[in-house]
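Let's start with one chain on its own, the form predicted alone, as structure tokens.
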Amino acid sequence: MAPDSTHKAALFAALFAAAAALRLLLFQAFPLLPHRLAGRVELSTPVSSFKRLQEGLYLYTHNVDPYHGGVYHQAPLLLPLFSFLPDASSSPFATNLLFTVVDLLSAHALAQIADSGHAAATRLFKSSRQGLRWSSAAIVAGFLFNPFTLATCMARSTTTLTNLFILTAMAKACQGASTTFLLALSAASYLAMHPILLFPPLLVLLYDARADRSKTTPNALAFTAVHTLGLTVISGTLLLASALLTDSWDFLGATYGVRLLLPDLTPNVGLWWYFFTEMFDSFRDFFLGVFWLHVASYTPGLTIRLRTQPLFVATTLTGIFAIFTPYPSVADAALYLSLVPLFRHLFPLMRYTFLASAAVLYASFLGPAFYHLWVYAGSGNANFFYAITLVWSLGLSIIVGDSLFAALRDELDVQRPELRDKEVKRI
């Protein structure tokens, strides 16, 4: 093994050991903290809450329909997985260790994405600034020690599992590994539904990686058909296994139906809950369709316009999910903010970094305070908390929009080198 490889392996081992030790230490030193964080609306939603998972698990282990009562809205196959673990209330170590390992596996997938180099150089596009990048170790450290990632792990939100599968799908697409890519993306879509929108850009990324590896270009139509069929078969198998586990197909309405129709209006950091709380019932179906169409509309447009930068499109979509899906949490923002450093070469072209950072930090500190004033102190109302979630969404939106501008400007600098470092205005 080369000295550089040995040094890199030692560095990653130290990072992973430190991250695992920090998480387990926090779990051990503050045994009540996971329970408190699991009750925070910023970290837990009706479709990712560990408390709701425990409720569904209790019903499942007592041979009662886990969806009876309308509390549990998560995937059925999570129940047998967690049923093998000791009771988290009395013996939490195994559960805490599981979520720690999930974070480490996510970091490993993120390192593979960073090492692939697809962020700045793809089959059809090479940034003129591709030498400007951070090491994979720095990107992994930013993920593992990000306060948002730590808080999500401590809250034991099942969104961490979704994020793991999304990162794994991205990593395998970068490597051109079709089977594991399809398995990972199917699992992510099974758990949260909206990751299915990542399929077009990640399929393009997989196509480019396969073309680079084989030095021949596969037939695009056949490639798309085969992988679409594969995704359909694997997703169908997961749904069939869920139906066999629950002895009915009722879980579809209790899981994906909840995401589509938004019957649970528990507050979260997203934009939907307050809007539909105030919505007249006669307009509800129309605006549900509009909101979902808005989320889905970004995928084809971005994939077509930035065909040469599929990894950037997938990253941007994770940011859009963190803002515009019905039940977002801090975990979704943590995923997006962990992927943004892959595009270090775009940072010099971004114009509103301070404004975006200030908005996110402002909302991070004041969000819990405003929620406390509304729910516990009784000196505020729902507008307090919704206003600060708007600031949170604004901060993320600025990052998404500014990075899109930077990517388009970087593309222009490659196509028109004479315009580099010159101000360009749209006429």
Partner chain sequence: MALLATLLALRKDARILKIPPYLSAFLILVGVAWLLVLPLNEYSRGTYVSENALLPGQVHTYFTGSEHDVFRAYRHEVAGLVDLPVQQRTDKLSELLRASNLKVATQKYTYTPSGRNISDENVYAILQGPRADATEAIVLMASLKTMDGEHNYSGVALVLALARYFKRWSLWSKDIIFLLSGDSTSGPQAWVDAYHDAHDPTTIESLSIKSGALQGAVGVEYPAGPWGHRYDKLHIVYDGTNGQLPNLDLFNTAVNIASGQMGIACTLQRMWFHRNSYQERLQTMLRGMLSQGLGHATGPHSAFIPYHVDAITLVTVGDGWHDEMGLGRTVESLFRSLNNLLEHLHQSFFFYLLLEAKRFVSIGTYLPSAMLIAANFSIMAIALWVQSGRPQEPIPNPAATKPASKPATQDASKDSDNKEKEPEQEDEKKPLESPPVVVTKDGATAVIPAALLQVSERPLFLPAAFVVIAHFLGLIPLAAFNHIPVDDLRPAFLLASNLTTLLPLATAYLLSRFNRPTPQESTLIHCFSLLFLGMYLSALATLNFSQSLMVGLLTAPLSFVRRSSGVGAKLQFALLAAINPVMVVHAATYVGKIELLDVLVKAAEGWHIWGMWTQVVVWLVWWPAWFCGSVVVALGLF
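Residue numbers count along the first chain shown, from 1. Source: prediction; values computed, not measured.
Although not depicted, the form predicted in complex with the partner chain is the subject of the following passage.
Practice prompt. Check whether L33 has any heavy atom within 4.5 Å of a heavy atom of the partner chain in the predicted complex, and answer yes or no.
Written response: The answer is no: L33 has no heavy atom within 4.5 Å of the partner chain.
Worksheet item: Is L361 close enough to touch the partner chain in the predicted complex, meaning at least one heavy atom pair within 4.5 Å?
Response: Yes, L361 sits close enough to the partner chain in the predicted complex that at least one of its heavy atoms falls within 4.5 Å.
Worksheet entry | Partner proximity in the predicted complex: V64 to the partner chain, non-hydrogen atom cutoff 4.5 Å | No - in the predicted complex, heavy atoms of V64 and the partner chain never come within 4.5 Å of each other.
Worksheet item: Can any non-hydrogen atom of F354 be found within 4.5 angstroms of the partner chain in the predicted complex?
Response: F354: contacts the partner chain in the predicted complex.
Worksheet item: Since exactly one of G230, G253, P348, P300 fits, which has a heavy atom within 4.5 Å of the partner chain in the predicted complex?
Response: Of G230, G253, P348, P300, the residue with a heavy atom within 4.5 Å of the partner chain in the predicted complex is P348.
Fill in: Site check R344, A369 and H372: each within 4.5 Å of the partner chain in the predicted complex by heavy atom
All three within 4.5 Å in the predicted complex.
Worksheet item: in the predicted complex, which of the stretches 66-74, 49-57, 373-381, 395-403 has residues with heavy atoms within 4.5 Å of the partner chain?
Response: Comparing against the partner chain in the predicted complex, the contact stretch is 373-381.
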